[in-house]
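The structure tokens that follow cover one protein chain in two forms, given apart as structure 1 and structure 2.
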Structure 1
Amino acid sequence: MVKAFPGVLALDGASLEIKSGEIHGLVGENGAGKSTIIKVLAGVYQADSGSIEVFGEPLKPITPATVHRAGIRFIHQELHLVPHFSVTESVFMGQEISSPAGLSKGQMRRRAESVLKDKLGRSISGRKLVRDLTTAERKLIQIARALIDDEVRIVVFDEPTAPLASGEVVALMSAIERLKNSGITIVYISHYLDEITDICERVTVFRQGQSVAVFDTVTKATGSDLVTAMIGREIASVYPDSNRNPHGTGLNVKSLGDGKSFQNVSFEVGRGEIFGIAGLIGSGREELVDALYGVNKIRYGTIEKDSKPIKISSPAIAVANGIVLVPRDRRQDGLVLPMNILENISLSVLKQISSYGFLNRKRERQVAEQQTAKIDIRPSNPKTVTRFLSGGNQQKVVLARWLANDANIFILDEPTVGVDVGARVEIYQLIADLAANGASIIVSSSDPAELIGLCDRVATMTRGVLSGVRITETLTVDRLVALTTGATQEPANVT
């Protein structure tokens, strides 16, 4: 049994109790505190208050080393493998068996292969290289690494199926079942509610840093209760009114495909419309967004803007055509972090604020100040380096950059990930204002409530196919979650 009562900022008196030998699910929206409690548990974050007991014994202090000694292992969301290492070497990384004569390669290989076969039910040669494995096999290697010593008692899985295809998910599920049957306790974190209801015996729901509900029996039917417990907030108060008047066609995408991640995607976005795309990680949603902006290569299909076909082969071309992107990874792709607010905003309008190729610093400052004032970026000093801003303010800087430009098609990828509620409301209002001024807006998000609250229409994407476009008024969060997670299959009533 594990108990935790940490009181860090992201967690507010959350507690978690796991019975030995069970598969315990952990669900919640982004930022609900799931990953924080896991990091506290792993000894990565220090809790301000609270304690952890493992099988009745208090764990103190909580450091990665003591947690490891207590027999708790973590399967992180990222794969963290060396591509050119062999299966054996990867499984034993950091815990190699060696004798004075050197590494016991044969012994390690047999052990690695037997763990993979007996505990996870998959025969993989220990000699194969990681880079030649499928993603599912790599995930198994990562799991095998946690099981390689016999001390392991509890395994925590953080979003293990995120990168997997549907067939691979089934195989992973059976591997986890197998583990459970060998007496190992499992904590299972996932956004995919169908997985949770399939595999877990009990589920704890997190919301805003608290554990809000514990389900002691889980069946398929529990799915909708889980969604209710996860959302549990007033949607109307966060989102702006939607008395918009979409008209005409801003962007028309016809049977687009990249030959890998998405196929035959078609949709239209009107002027003044906010169009949402829902879909889990790995559904092809991210790749579609990248393709619309010229980051990802398009194999077939056409994109028309204002009824004229355009070829978007690079972001520069997209921007020149008035199509702009607010990327999902704002620290990597959105902002030049070492630059200040001023420089980041002016990056899109360098031509406009220059004369004869010379930067006009005064005009640059004016533009930036205009924007920071309009959308309330704090601190308001435009010379603040963006690396030091909060997530919400960073996102506002990215938006401000494109507002300064004359763009009329905005692609917003996960616009509010890592953004606090206050800034969230402001960003939603900004988006609504943009649409009211006639811009076409595409919002790609993994937050169903956000899509329903913000958008006029939402399309769902599953396994590379854009499966249906629905008017948000006909949707509820539960139904959208069910549609994207595959908890229900209903025919797409395209509107």
Structure 2
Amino acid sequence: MVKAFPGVLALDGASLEIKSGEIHGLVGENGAGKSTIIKVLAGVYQADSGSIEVFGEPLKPITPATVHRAGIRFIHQELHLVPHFSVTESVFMGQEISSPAGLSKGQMRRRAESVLKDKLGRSISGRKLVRDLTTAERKLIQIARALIDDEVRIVVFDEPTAPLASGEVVALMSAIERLKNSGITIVYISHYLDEITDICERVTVFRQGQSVAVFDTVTKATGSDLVTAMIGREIASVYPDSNRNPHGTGLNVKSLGDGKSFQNVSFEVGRGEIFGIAGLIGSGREELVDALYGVNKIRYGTIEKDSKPIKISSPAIAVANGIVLVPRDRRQDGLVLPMNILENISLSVLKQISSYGFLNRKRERQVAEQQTAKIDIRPSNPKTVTRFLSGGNQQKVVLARWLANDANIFILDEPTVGVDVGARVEIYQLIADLAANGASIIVSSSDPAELIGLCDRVATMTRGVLSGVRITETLTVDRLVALTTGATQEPANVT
């Protein structure tokens, strides 16, 4: 299969062969071509060359309608459910059962409940509203919608656990196993290699638009082999060495609160320190991060930078004080996707590269090329449109923008969500380099292993309260999870 975009060869002769009835993994770095080949399979993109066969039959033409008729269904990372719809309405949306008397609501409800229970192993009332479901239950509703017409033969799962908490992943894995046992073929795409080795029977590895390896037997022992195949080299360690020596105080937060989501939060971040914030959804972690950047209003408390009080009432004021945010949703909040790399990077330095209201194009290109080379954004052509970049390289563009701005306090909210292991290693090293150069780093993450591996200290948030700050040398993943869930009680500060 071959597919090219302007300036990018997304698929370069890639092949993907799935055996009937198996769970087949598809892995690769961001930009390896995984999403592109799935969109070609879905009929969203038209390949420049290549063909698709479904159970030995050529698929022509390749359109969303013909793909659907062939029994192929897609479960995307985004849930795309209407909160005020019922479970029944969500499952049957676009596939309603009707009679001359109108919609057969009772029949649809019973059918929806039956599919959820018999095929996915979960009893959920068809009358329940989507807004009252857990994230895992919403994912099951998404799957039930794909199964409801009984014509499904292949289900493609694209990063299905991304929105799920760790405890919810088990329910999804159980549902996928039930689908396999019923004879449905599964294609499973994930950046989480432990999921790949746990659930998949075979796995194909993509790299730079090509299929470079197929592992016929996937076990825990092949995890390092997958990584090597994905990035074309061995990785000694995911996380960089932590030989840092924080000094002074870069940021000092005192008794901060927004009057709703968090209260009386206090902590310090040293110059050259990587400081983590852990917490479940609803803990106040996300709202605290937004408040530090001026997105959410601070009702009380103070913030000091370099021992001087500052009042952050807007992102513009935060940036003016050298405080910048890499947001958790980079596509929605961090980038202007139709713009190219050059234009996105230069957004933070327009004053510096302009004279009398006119942009100095030469200077703009110099800044973009300097940052692109510095943090290895690929492709290196600064005229590449940002929406065509992989997730890891999009994240690098956001970082490059703030590096060009000479910021010295970086707030990184979920910095590696949707980023493959190779790009993750590079981003971690960039963060460590920033700290080594004296920047104060705050990392807010739902991944306990990431916080322990990357940070010097970690604060835990529970129910809007900062419940403790601990040196990561004293933490394990299990202990950090217990602290964020309230399963264990310990002294408030062990620094």
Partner chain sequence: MNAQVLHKRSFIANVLIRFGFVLVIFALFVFFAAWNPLFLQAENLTNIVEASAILMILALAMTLIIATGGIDLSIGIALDFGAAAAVVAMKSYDMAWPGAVCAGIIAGSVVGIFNAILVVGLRISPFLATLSTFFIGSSVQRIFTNGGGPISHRRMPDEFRQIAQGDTLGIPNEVLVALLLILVYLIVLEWSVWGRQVHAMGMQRSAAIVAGIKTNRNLIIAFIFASATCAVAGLIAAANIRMFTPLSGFSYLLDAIAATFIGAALHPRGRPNVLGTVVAVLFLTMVANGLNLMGINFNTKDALSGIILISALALAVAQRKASEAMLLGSRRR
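Here, rigid core means the biggest group of C-alpha atoms that superpose within 1.5 Å across both forms. Please read all numbers here as calculations on a predicted model, not as lab measurements. By convention here, residues take numbers in order along the sequence of structure 1, the first being 1.
(request) Give me a 1 or a 2 for the form predicted in complex with the partner chain. (result) The form predicted in complex with the partner chain is shown as structure 1.
(message) Would R207 count as moving between the two structures, using a Cα shift of 2 angstroms or more after superposing the core as the test?
(response) Yes; that C-alpha moves by at least 2 Å between the two structures.
(request) Inspect the rigid-core superposition and answer whether the C-alpha of V465 shifts by 2 angstroms or more between the two structures. (result) No; V465 is a residue whose C-alpha shifts by less than 2 Å between the two structures when the cores are overlaid.
(message) Core superposed first: is there a CA shift of 2 Å or greater at N181 between the two structures?
(response) True for N181: a C-alpha shift of 2 Å or more.
(request) On a rigid core superposition, how far has the CA of K19 moved between the two structures, in Å, if you could check? (result) That residue's C-alpha sits 24.8 Å away in the other form.
(message) What does the CA of V82 shift by between the two structures after fitting on the core? Give it in Å to one decimal.
(response) Here V82 registers a C-alpha shift of 6.9 Å.
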